[in-house]
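A single chain, nothing else alongside it, follows as structure tokens in the form predicted on its own.
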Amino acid sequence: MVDNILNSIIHFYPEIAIVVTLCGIIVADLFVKRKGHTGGVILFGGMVVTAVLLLVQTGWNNSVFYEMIAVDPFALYFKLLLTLATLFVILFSMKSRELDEYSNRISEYYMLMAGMILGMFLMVSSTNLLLMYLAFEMTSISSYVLVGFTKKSDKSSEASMKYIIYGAVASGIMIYGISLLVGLTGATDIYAVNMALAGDLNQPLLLTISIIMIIAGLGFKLALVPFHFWAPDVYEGAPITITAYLSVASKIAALAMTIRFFRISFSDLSVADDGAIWSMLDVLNWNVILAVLAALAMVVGNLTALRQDNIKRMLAYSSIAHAGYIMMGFVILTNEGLSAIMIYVFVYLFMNLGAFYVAMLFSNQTGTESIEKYKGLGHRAPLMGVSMTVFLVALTGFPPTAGFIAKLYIFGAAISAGWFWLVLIAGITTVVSLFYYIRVVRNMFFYKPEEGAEKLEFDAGTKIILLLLLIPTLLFGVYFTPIFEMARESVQMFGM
């Protein structure tokens, strides 16, 4: 037992680095008098160390802590994305004027972020149902508090309350589904669940109910229709830094956990080819059900975004639509589909965080999130305006941006698998999305600023962060081989 734990700890260094970082923020909060963003600096340093420790794990493929946690290429890929997203959001937070009013509590903010990233790391690597649920809750509870961090704002408090209520209901449904699955199979380990399902398990109705309940819980985190009602209000009320974090990191972690759970639990592991996937679940046509959920997310997300006047609400509905595009790869669940998902979330990280970052900078300077107030902003801040245009064009999926490559791979994977009707819906909704993205661009550049409106000035640090998001969004649109290779090599999960 001791040997197992000691050997496992070597594989757990990145998570330990996050825990040490969290403790460091607490100690600094107690002893440093002029705190400022000291907590943010410590967290940033901790995440850089974490990234280095993750890179050491390249090529590892093990299961540790009594096969409760997988250290494999699949987990490594998503952990690196989560680390990158966290680094960007820490930098956003240091530039956010919205958080300045809460400078005396800002260390709490960074502590909660550290707790959230630890939960998300466990989500992407857990192979035990109970640990998956605990990681899910660790992430959720931290995010509930972060959403309500700017508590003097009524919208923030309302958003936090709604998020807790919706989250508690979704969590309750999910744990009930997990308890049914554990009761049916007698196992909490997803490999043991797979073995039980491969045997003579004569309870198709209960199995179906349990899977539907688990999908409901995971669908809440992914903001899939019809589990999306929390997203617009929460995204609008939360600090914009946390909105960006939820729309990217939280979604990536939930997606990775969902993929691992379904791929390991319900595939025929004795068959190497992709055709064995979904073979354990022949009661219902699950990929059709998931395809309908994906189509609903694309249609509802894009059509509702057309009517939004608040940039955060518009990006919230856009995020729901993108969950639908990502789900197209999950419907297939083959290696080709998973590679397409990995490419998509990699690109999505840069273009979506970029859009939120520019929205935050404009909000810092103008104090508004209304799209109508964006009129003439492109003339007052040309670099920010052009950058926002690139991010929105990338989110639409047009060349020569990386967004085009992301959609090309995911559409191509769906066509290869014969999902023509789903690709048709995705194509039509992509055209619809053009209208609300271009509306922002039109307001920025097709209207002149109000008389007397001064140019908006930004410091060098702000511009560097912007370029770190902008350059990959453009570069990977013309040179995408490295992303493709990285995604292809990271599909491998422990046990597959």
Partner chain sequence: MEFQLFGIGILTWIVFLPIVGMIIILLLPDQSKKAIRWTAATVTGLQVVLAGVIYSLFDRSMVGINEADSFQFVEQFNWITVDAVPWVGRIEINYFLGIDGLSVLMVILASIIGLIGVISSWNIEKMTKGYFALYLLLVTGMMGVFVSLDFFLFFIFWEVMLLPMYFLIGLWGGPRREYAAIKFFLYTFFGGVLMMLVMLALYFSVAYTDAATGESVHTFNLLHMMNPENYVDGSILSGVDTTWRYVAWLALFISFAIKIPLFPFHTWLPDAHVEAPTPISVILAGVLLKLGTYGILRISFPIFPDGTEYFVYLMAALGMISIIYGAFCAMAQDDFKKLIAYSSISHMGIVVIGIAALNTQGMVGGVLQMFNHGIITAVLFLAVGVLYDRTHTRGLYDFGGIANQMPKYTGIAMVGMFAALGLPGLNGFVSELFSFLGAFEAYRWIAIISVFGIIITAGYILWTVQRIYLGNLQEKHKTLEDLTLREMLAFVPLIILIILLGIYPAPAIELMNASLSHLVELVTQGV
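Values in this document were obtained by computation on a predicted structure and should not be read as measured data. Numbering follows the first chain given and starts at 1.
Only in words, not in the display: the form predicted in complex with the partner chain, which the text now covers.
The closest non-hydrogen atom of R442 lies within 4.5 Å of the partner chain in the model of the complex. Though the partner is left out of this view, Q203 does not reach within 4.5 Å of the partner chain in the model of the complex, counting heavy atoms only.
At the 4.5 Å threshold, heavy atoms of L424 reach the partner chain in the model of the complex. Proximity of F12 to the partner chain in the model of the complex: non-hydrogen atoms within 4.5 Å are absent; the residue sits far from the partner. In summary, among the residues W286, W230, F346, F411, the only one with a non-hydrogen atom within 4.5 Å of the partner chain in the model of the complex is F411. Listed residues K407, K251, R263, R380 were compared with the partner chain in the model of the complex; K407 is the one with a heavy atom within 4.5 Å. Contact annotation for the candidate site: F398, I415 and I438 all lie close to the partner chain in the model of the complex (heavy atom within 4.5 Å).
Look at 84-92, 329-337, 357-365, 187-195: in the model of the complex, residues with non-hydrogen atoms within 4.5 angstroms of the partner chain sit in 329-337.
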